[in-house]
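Below you will find one chain, with nothing else, as structure tokens; this is the form predicted alone, and questions on how it binds or moves follow later.
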Amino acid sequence: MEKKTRKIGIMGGTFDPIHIGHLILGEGAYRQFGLNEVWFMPAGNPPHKQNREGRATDEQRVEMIRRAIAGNPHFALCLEEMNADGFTYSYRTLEALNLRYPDAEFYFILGADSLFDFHKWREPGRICRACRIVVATRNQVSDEKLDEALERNREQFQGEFLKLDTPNLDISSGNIRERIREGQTIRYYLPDAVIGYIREYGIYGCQPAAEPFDRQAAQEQEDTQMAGTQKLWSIDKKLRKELDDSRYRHTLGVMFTAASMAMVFGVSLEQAQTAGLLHDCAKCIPNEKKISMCRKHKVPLTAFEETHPFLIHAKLGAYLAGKKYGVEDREVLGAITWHTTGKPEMTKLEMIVYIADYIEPQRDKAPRLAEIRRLAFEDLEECMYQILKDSMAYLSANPENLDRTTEAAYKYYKKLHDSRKQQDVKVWK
């Protein structure tokens, strides 16, 4: 038997259309399981999805995938099912891939919803023998319920079921098609290159943009996005050498969570990912060295920070983000600076990174996490207040560790919370 030398992730689906959630899951699996590549495999003729009215053609779905993954060196398009004759089933596809690529070990990526129906799939046992199954978490499914389902399937089908710890956006291709039909915005739900393609060809009943489609402008925008993606990979390559495994996993969790929140609140994805990726870039530097580096590079420290060096990594991280990792964006540097203490009147980006650091998937110690995670995608300022309230309650037991900036941030967001509450009462009366 040929030795397995490659680890390949498979993202299957109709991709009608492919959206940001698919890309985040693919990237999350690539990072968490050390995959060599992730293949996006559009379904050709699945037996359970026969109604194609109002949908994209096969050629259009493939082209949207090409545009969505352009610029990511470890994403690829796989047409195994698209080119197959007749109905396609996952077990047949995976067995064929194993024969064609004997050196590859396949990781089949599913959403949590699919896990609960896995026993209804055609030949689930053969699927398990052909691959490892990676299951993405969902906000609607508790960790306990998901863990139970994973264990149940492991026992029933003698397969390897792995949990993917990455944010799973509550969006779907069906939801996007509906938004298009209703004339709602799809900005940030899809890569801009895909949105441009949908508008150009009027897919899903999309009305053409008021301005004529400018192919050159769209290409320039796509080139800019690709350059931003390449810059992120370059930063990631350097950063991985500076952090221990635990801190690096946390960093990726913050980056993905910040990106998810940015899509909801209309903040630049590149800014959110960059700030999330670099927010702890100075965390693993010993405390004494942090202080000496700040003095050497004239990074201002308060008397409190001098005696509580665990806070210094934020300011020093902003300095290193600029000098070592080439970040010039002041908004990104501000988000890194304030991600630990917070401050009054934070920008959306600053709040997103602060909150993402608190709620990313691997966090499990803070109180009321489920409630705060829900709030994080609904109201940034109220979420800030709730987090700061819990932080102040925790720090009250050790007031000598309470930073004045955190206290000022709490007072600011509490005042905002109380003001909103009074307005709600007035409206109700």
Ligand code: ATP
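Small disclaimer: the values here were computed from a predicted structure and weren't measured. When you see a residue number, it is the position in the sequence shown, counting from 1.
Below: the form predicted in complex with the named molecule, not depicted.
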Exercise. With the named molecule left out of view, choose which of L349, L316, I198, L169 has a non-hydrogen atom within 4.5 angstroms of it in the predicted complex.
Key: L169
Practice problem: Using heavy atoms only and a 4.5 Å cut-off, determine which of T251, S173, S260, T341 is in contact with the named molecule in the predicted complex. | Solution: S173
Exercise. Kindly confirm or deny that A356, A376 and E381 each have some heavy atom within 4.5 angstroms of the named molecule in the predicted complex.
Key: no
Quiz item: Does T137 reach the named molecule in the predicted complex, with heavy atoms at most 4.5 Å apart?
Solution: yes
Quiz item: So, in the predicted complex, is R177 in contact with the named molecule at a 4.5 angstroms heavy atom limit?
Solution: yes
Quiz item: Would I109 show up as a contact with the named molecule in the predicted complex if we use heavy atoms at 4.5 Å?
Solution: yes
Quiz item: T406: heavy atom within 4.5 Å of the named molecule in the predicted complex?
Solution: no
Exercise. Pick the stretch from 241-249, 109-117, 305-313, 187-195 whose residues have a heavy atom within 4.5 Å of the named molecule in the predicted complex.
Key: 109-117
Quiz item: So which bits of 3-31 sit within 4.5 Å of the named molecule in the predicted complex, heavy atoms only?
Solution: M11, G12, G13, T14, F15, H19, G21, H22, L25
Self-check item: Sense of the change in Cα distance from F377 to I65 in the predicted complex - at least 3 Å versus the shown form
Solution: closer
